[in-house]
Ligand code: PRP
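Take a look at this one chain, the form predicted alone, written out in C-alpha cells.
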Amino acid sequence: MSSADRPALTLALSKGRIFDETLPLLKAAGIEVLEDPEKSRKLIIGTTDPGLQVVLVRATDVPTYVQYGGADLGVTGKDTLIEHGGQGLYQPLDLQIAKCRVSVAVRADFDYAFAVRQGSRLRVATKYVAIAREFFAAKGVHVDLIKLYGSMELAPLTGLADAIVDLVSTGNTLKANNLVEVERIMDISSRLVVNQAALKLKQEPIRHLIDVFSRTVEATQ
C-alpha cells in the first residue's frame, strides 16, 4: 500500500523538547515535518508523508487528544501519563527521549530530613499531584498538596510551600533560585501512545511507525 492510499494518521506533539527529539524518529521512517512550529502559527502541520499530519497541542493535553480520537497517536512524558491516568491508551513504546526526573526540592536553608523525621506536615507545591500524593503516602509523610501551574521554584521562596515536586533536568534552575534537590522520585522519558480504536482501524500504518521507532530506539541505546 502506498502512503497516498493509506488512512491519514494524526500525530499529537507538544512544542519544545519532545517535538525536537521526535524529529529523528520520524526521519528514520522517511518522514520530515514541513514547517518549524516555532516560526509558524499553524497548529496542524503537514509532513513529507501525505498519510501523516502533526497536530501541536499543549503537553498536558496530548493523552486527552489521543484518548478521545483527536489524534491517532502521540508522544508524551511518563509524568503526564501518570497524571492523566492513561485510560483508553495503548502504550507500545518507551521512546527514551526528553529524559529528566521528578524530584523533591526545598530551599537550601530548609532541613527537609529533620522535618520528615519529626513527622511534620509539609506543604508541597506541584503540578504533579498524583505522583506527589503516591510518593509521600508510601513514605508515610503527611502533606498538604498545593496545585500550581506556573514556576514551582517561587513557592518555597515566598513561603507558600515547604517543598516542591517538579521535573528536573540539569538542576540549574533550582541552583539559580537557591533550591536543592533532596529526593529523586522517578526517572522520566517520553512514550508513544496510541488510540485503541485507531490501532484497529489503521493497524498497518501505525504498526509500521511503531516498528521503525522501536528499531531506531534500540539502535541508539
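Heads up: residue numbers just count along the shown sequence, starting at 1. In this text, all values refer to a predicted model and were calculated from it rather than measured experimentally.
Quick note: we don't show the form predicted together with the named molecule, though the next part is all about it.
Q: Heavy atom to heavy atom, is Gly30 within 4.5 Å of the named molecule in the model of the complex?
A: Heavy-atom contact with the named molecule at 4.5 Å: absent for Gly30.
Q: Examine Thr173 and determine whether its closest non-hydrogen atom to the named molecule in the model of the complex is within 4.5 angstroms.
A: Contact check for Thr173: yes, within 4.5 Å of the named molecule in the model of the complex.
Q: Counting only non-hydrogen atoms and a 4.5 angstroms cut-off, does Asp162 reach the named molecule in the model of the complex?
A: Although the named molecule is absent here, Asp162 would stay clear of it in the model of the complex, with no heavy atoms inside 4.5 Å.
Q: Is there a heavy atom of Leu167 lying 4.5 Å or less from a heavy atom of the named molecule in the model of the complex?
A: Judged by the heavy-atom cut-off of 4.5 Å, Leu167 is in contact with the named molecule in the model of the complex.
Q: Report the residue, out of Arg107, Lys127, His84, Arg123, that has at least one non-hydrogen atom within 4.5 angstroms of the named molecule in the model of the complex.
A: Of the listed residues, the single hit is Lys127.
Q: Find the only residue in Glu153, Glu183, Asp61, Asp49 having a heavy atom within 4.5 Å of the named molecule in the model of the complex.
A: Among Glu153, Glu183, Asp61, Asp49, a heavy atom within 4.5 Å of the named molecule in the model of the complex occurs only for Glu153.
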